[in-house]
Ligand SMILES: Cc1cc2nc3c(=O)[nH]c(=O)nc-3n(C[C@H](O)[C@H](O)[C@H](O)COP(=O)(O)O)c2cc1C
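Before any questions on binding or motion, here is one chain by itself as structure tokens, the form predicted on its own.
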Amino acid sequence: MRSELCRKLGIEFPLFAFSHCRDVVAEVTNAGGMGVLGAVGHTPETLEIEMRWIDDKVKGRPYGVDLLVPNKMEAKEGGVSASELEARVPPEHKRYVEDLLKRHGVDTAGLWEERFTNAAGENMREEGAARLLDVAFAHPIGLIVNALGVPPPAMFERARRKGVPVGALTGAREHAIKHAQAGVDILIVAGTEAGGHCGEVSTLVLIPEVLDAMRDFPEVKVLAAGGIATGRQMAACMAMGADGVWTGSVWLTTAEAETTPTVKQKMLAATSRDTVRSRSRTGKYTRQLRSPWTDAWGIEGAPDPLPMPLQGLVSKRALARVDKLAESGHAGAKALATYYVGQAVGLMNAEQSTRSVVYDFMRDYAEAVERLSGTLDV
């Protein structure tokens, strides 16, 4: 493609694939796009293993890493321990979860005694974030992305020394301006259709809104995100002025994805109306598959979901047990099972290889551009 961003990053097609699965990351990169590894849940040791594996598979082709690094990391330093966080979870929330699971035949014995690891929480403290950055920058990455507000100065400094572009996620025009003022190179502008944490403005409205704001920052590249699962959607976003697209949900139903079989089948059968923005998983609104779990937190008499990270302590063990039982054929657990996914799930109707999804994007994009060009009388 004739694309300044592609030339800058050394890729063939401006399709960016966020995934926690290293196989997906490597396959997208090798097919001409850019895979981006979601690293928030990793320890430095596991991140090193994953990135070394990706290095071996991509043979010098560019890939990225996505982290959650708070701008003011000192505020997170010296935070409370996992056991102290546990003590802050009200008993009524635990009882509510137990009752919900029991109504679906899920045994709750020993649920709250199961060991809890908080790698994500540790990584949001200065020392933990610095250790992950050490690992990331020890590898030949082509992009570093912060998914939690404006990247901190230390992240910029290290990226500049390595010549690595810095990206950041945003769901609002005013936040995009703050990112640009701080020096972000690539904005990932995510509409409410996106899976996981998302805002309230649709992609079709948010992208031009941010692009208009970026007229004062012409060096900043914009990736459209949220509900994008086809090349024709990609073409539509680039027709508005985006430099490429950032995708996540579409990779969850690929053959290489680590999505549990139960959830993958639910996604393949889902329509775009089968997702919901719910605080039931993390305490902040995330878009995920609707299930009795998400419904239960919005009914009359339900406790209000706890703020992050406490709601995660409530949901993590429960949903891990649900996933495990669902894979054994437990009907109640299958019903409860849910995972982050965007409204594009309605377009994800068949399991494909990751590489075939990339090639479908390319073909669909080319056809859309040709179709659009055909509307001009020149």
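As the structure is a prediction and not an experimental result, all values here were calculated from the model. One-based numbering along the sequence shown.
The protein also exists as the form predicted together with the named molecule; that form is not presented, and the subsequent description refers to it.
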- Task: Considering only heavy atoms, tell me if D243 and the named molecule come within 4.5 Å of each other in the model of the complex.
- Result: no
- Message: R22 versus the named molecule, in the model of the complex: is there a non-hydrogen atom within 4.5 Å?
- Response: no
- Message: Whether A296 contacts the named molecule in the model of the complex should be assessed with a 4.5 Å heavy atom distance threshold; does it?
- Response: no
- Query: Is the gap between E27 and the named molecule in the model of the complex 4.5 Å or less for some heavy atom pair?
  - Reply: no
- Within 4.5 Å of the named molecule in the model of the complex, heavy atoms considered, which of A180, A270, A257, A147? A147
- Query: Which of these residues, L169, A136, V263, V222, gets a heavy atom within 4.5 Å of the named molecule in the model of the complex?
  - Reply: L169
- Message: To test your reading of this chain, name the stretch in 323-331, 338-346, 310-318, 48-56 whose heavy atoms come within 4.5 Å of the named molecule in the model of the complex.
- Response: 338-346
- Contacts with the named molecule in the model of the complex, stretch 248-271 (heavy atom within 4.5 Å): G248, S249, L252
